[in-house]
Ligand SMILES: Cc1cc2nc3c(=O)[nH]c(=O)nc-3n(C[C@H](O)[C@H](O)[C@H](O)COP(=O)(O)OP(=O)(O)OC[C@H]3O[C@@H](n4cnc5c(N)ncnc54)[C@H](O)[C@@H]3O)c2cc1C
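Listed next as structure tokens is one chain, alone, in the form predicted on its own.
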Amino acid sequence: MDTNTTSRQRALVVGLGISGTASALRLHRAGWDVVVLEKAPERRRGGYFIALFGTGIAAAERLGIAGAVPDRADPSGASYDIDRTGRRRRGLGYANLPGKNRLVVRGDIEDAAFSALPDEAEIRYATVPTALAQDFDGVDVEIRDLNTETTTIERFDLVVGADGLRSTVRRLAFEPEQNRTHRLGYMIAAFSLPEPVPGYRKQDGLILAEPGRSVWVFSFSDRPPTVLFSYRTDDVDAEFTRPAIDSLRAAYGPEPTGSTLGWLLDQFEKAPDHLFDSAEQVHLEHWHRGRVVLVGDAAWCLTLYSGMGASTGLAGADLLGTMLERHPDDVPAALRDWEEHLRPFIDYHLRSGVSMRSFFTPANQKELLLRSVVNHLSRLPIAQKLLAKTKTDSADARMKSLDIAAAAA
């Protein structure tokens, strides 16, 4: 067993996504030695569309990475509601949601945080935790190298699980709460296009919404668009029993696709990589246990419908470092303080993630009709003024801009 001979406290971070990289960066700045485990053989690149709202921007500024995160929105772009026949009309897009934001791809934030990590932060790829045993003073972690198939045991003062929706740390440390995931009954698929959609400018966004299914094309100023498919299903497990493209073609059939939807499905089939998963939230009574804590999707997974996944991942990591600085000699107290300040904010966005699903994918004809009415009204001058006010002054806008660490101070 390796022993910790340094006077600095030692943290293990599991996961090298946004939450994990930000946690490693913030813990190092709080005076900790950091080891990061990443199951993949190398760091992932690129990624699909996400937004960084005020909460995440404030955290990124304190982490020193905000300047490296671009805003890829194109103010000259338009958002169009389309149908399978090719008809198009101006509609409400992501830019109309409450809250000021930067439109980016996931890799923009990950690259910024990773580039800021110091050389002293140790990153081990193709490596996973396989067992945790904690006592009052620390956590013994069994670590497996997937390349050499060897196992070692190391001791840490803190373990941070930032390893996503299907978190290994949650499974190891939070039993019997390990399966507290809540399926929304929707599937999502996302990928990057190699070029703009035929017949549209590269800065234009598209939305095809039908009862129980939708397709969104998110545009950028300086790169090809990304695409999100979202559809309702009564059997999530069955969607994984066949290739993703087969599930998508079944979900968007049997009607003729039309030129645009057909082209998007063909591009998905040819894409070198993609995301295909169910929309699920994590509901836990506590996000920490002793000296083990979960951050980001491993703890709360808001789903992409909330739009706040990246922002809460950064804010949770930033606040974790703040609370560890506030309680330098009492890790459990720091984690309790961290969750007490963060829980009401996350609970709000968990609820918002469920309600916002109808904006992305109307469940039935009634929700689709309501969406069409709102789209029509939004083109009226008085409604445009109301939308502008809602974007900055509504309760939802304020909750997407709340600076968590500043509020805790």
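Computed from a predicted model, the values in this text were never measured in an experiment. For every residue, the number given is its place in the sequence shown, counted from 1.
Not pictured, yet referred to below: the form predicted together with the ligand.
Comparing 365-373, 36-44, 61-69, 345-353 against the ligand in the predicted bound form, the single stretch with non-hydrogen atoms within 4.5 angstroms of it is 36-44. Under a 4.5 angstroms non-hydrogen atom cutoff, the ligand in the predicted bound form lacks Leu27 among its neighbouring residues. In the predicted bound form, the ligand stays beyond 4.5 Å of every heavy atom belonging to Ala251. Contact between Met308 and the ligand in the predicted bound form is found at the 4.5 Å heavy atom cutoff.
Although the partner is absent here, Trp32 sits far enough away that none of its heavy atoms falls within 4.5 Å of the ligand in the predicted bound form. Just one of Leu335, Ala73, Leu304, Ala121 comes within 4.5 Å of the ligand in the predicted bound form, counting any heavy atom, and that one is Leu304. Between the ligand and the residues Pro225, Gly93, Gly164, Gly212, the one pair within 4.5 Å by heavy atoms in the predicted bound form involves Gly164. Heavy atoms of no residue among Gln9, Leu12 and Gly138 are located within 4.5 Å of the ligand in the predicted bound form. Residues of 14-30 lying near the ligand in the predicted bound form, listed in sequence order, are Val14, Gly15, Leu16, Gly17, Ile18, Ser19, Gly20, the criterion being any heavy atom within 4.5 Å.
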